[in-house]
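Let us start with two forms of the same protein chain, each given on its own as structure tokens and named structure 1 and structure 2.
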Structure 1
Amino acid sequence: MKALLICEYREGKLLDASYELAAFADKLGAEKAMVLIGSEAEVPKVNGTVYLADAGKYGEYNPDVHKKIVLAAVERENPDYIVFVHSSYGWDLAPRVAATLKAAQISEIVNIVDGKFEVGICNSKLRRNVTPTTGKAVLTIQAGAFSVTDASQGVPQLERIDLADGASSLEFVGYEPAEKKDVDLTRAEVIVSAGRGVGKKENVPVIASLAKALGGELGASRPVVDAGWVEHSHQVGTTGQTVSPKLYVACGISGAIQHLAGMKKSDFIVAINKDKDAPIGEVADVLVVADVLQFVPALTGMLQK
């Protein structure tokens, strides 16, 4: 089994999510090769072939040209899977490649279960396990869903791709910065999240105080964000940010599927919930069965001392 992993390169730098692609291939048990449209200085340090095309010549993004480069690597490598990160780059390019190859596309994979790809449906309220029926398949993986390990590091074997026809009617102009978020939870080592169990907006500062005492960031479940208690930039889950901190503390969060998919890769999970049978307990390393509004202030007070 082979996986061709399509790296992302922006403003002269290889994006860290490219190594998550390697972690995905490792979990799949696939032999991996990578495509980088970038610079030789940014070639990812992985075992396997890296197909390099010069971004100075072909642009950091041009869907017409980049599709040709990916297809050239597909022809050389003959992979079973062509894998992108589920990002704006992947959203745009993956369907173009899939349509040209007449291959199945599976989007926003969050896990691999018994060799099948786990994805969310019904706005991520449910999950299903999917397998493609075509000889090749194009995949996109949810950023943060596959933790990078030492197994993803190595020594690449470089091969260059130069197109005979690199013409395009499109011109890459540049990047427009996204609206600045209050916080980038994907980089936080400690996250303390508030769920519907905190009761009301006025109780959110109780959870924020614990986050501050732990030197972490405030997160939230979707119901809390939908209710307007916390800004969307703090939302954890498949419709928010997918995170993998060293410590994740879930306060009053029952454990809806879309939330679990966004945080279950955390190194250590503490859940605080009155319901001992809450689904969050299935992924928690420690489940504290207690009233959040009684337990959290007591814990915060001890930490502050």
Structure 2
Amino acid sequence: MKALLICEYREGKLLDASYELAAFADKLGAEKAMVLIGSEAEVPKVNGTVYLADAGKYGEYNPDVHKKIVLAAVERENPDYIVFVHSSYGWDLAPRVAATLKAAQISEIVNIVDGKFEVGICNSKLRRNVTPTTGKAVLTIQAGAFSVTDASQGVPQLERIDLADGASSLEFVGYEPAEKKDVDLTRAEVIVSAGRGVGKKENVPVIASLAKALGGELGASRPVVDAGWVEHSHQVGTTGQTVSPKLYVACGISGAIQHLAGMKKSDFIVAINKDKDAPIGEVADVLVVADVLQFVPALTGMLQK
């Protein structure tokens, strides 16, 4: 079984998520080859073939041209799986590749169970296991779901891809920084986040007070943001910010994979949840089984004293 892994490269750098693709292939037990549309200096250090196309020539992103490069590697490698990270790059490019190859696409894989791909449904409240029925399949994996254990260990064999026809009606213009936000969670040393367990908007200040007492910032899970209780700039997770503070306190947050992907690299994680079996317990250093609305004000009061 062979997997062709499509690296992520942005503003001259290989993104770490590329190594998560390798971790996924290892877990699947697949032989791996990679595609990097980037620069030779950034070729991932993995064993196996790396197909390199020059981003200087083909653009850091251009769906027309990048699709042609991926298809050229597919032709040479004949993989069973073509694997992307479930990122804005993967969302855009994977379906284009799947449609051209008439291959099944399985999106946002979070695990491999008995050779089947586990994906979330109903906003990830439920999981289902699927297998493709086409000869080849295009996959996207959830960032953060496949842990990298031995990054930068291998020796790649470089093969270059040069397109005979690299023409496109699209031109890559560049990246623009997102609008300036009222808070930059990526720099915070302490984050105290509110989850749906806080119950209602009026309770958010209870969590914000603890953040203030600890000299930190307020974070939030997605439902809290979607409900309009907190601004999106505070959201932690795959569609919010990826953070790695010294201390992360999760208040009434269940620990869905999309939230964990954004905070599990925090140095020390405290979770407060009334459910002792909440999945957040798997990444928490300390799980306090309590009602947030009782425990948090008491803790804040003690800290203020």
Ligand SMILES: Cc1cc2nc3c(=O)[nH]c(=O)nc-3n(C[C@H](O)[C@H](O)[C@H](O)COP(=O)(O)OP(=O)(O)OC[C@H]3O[C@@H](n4cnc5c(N)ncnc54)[C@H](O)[C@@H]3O)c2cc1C
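Please read all numbers here as calculations on a predicted model, not as lab measurements. Here, residue number means position along structure 1's sequence, counting from 1. So that the term is clear: the rigid core is the largest set of C-alpha atoms that superpose within 1.5 Å between two forms.
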**Message:** Of the two forms I pasted, which one is the form predicted together with the named molecule: 1 or 2?
**Reply:** 2
**Message:** On a rigid core superposition, would Ala227 pass a 2 Å threshold for CA movement between structures 1 and 2?
**Reply:** yes
**Asked** After the core is matched up, is the C-alpha of Leu28 off by 2 Å or more between structures 1 and 2?
**Response** no
**Asked** Honestly, after the rigid core fit, is Gly38 moving at least 2 Å at Cα between structures 1 and 2?
**Response** no
**C-alpha positional change at Ile191 between structures 1 and 2 - rigid core reference, Å** = 8.4
**Message:** Core superposed first, then measure: what is the displacement of the CA of Ala278 between structures 1 and 2, in Å?
**Reply:** 6.1
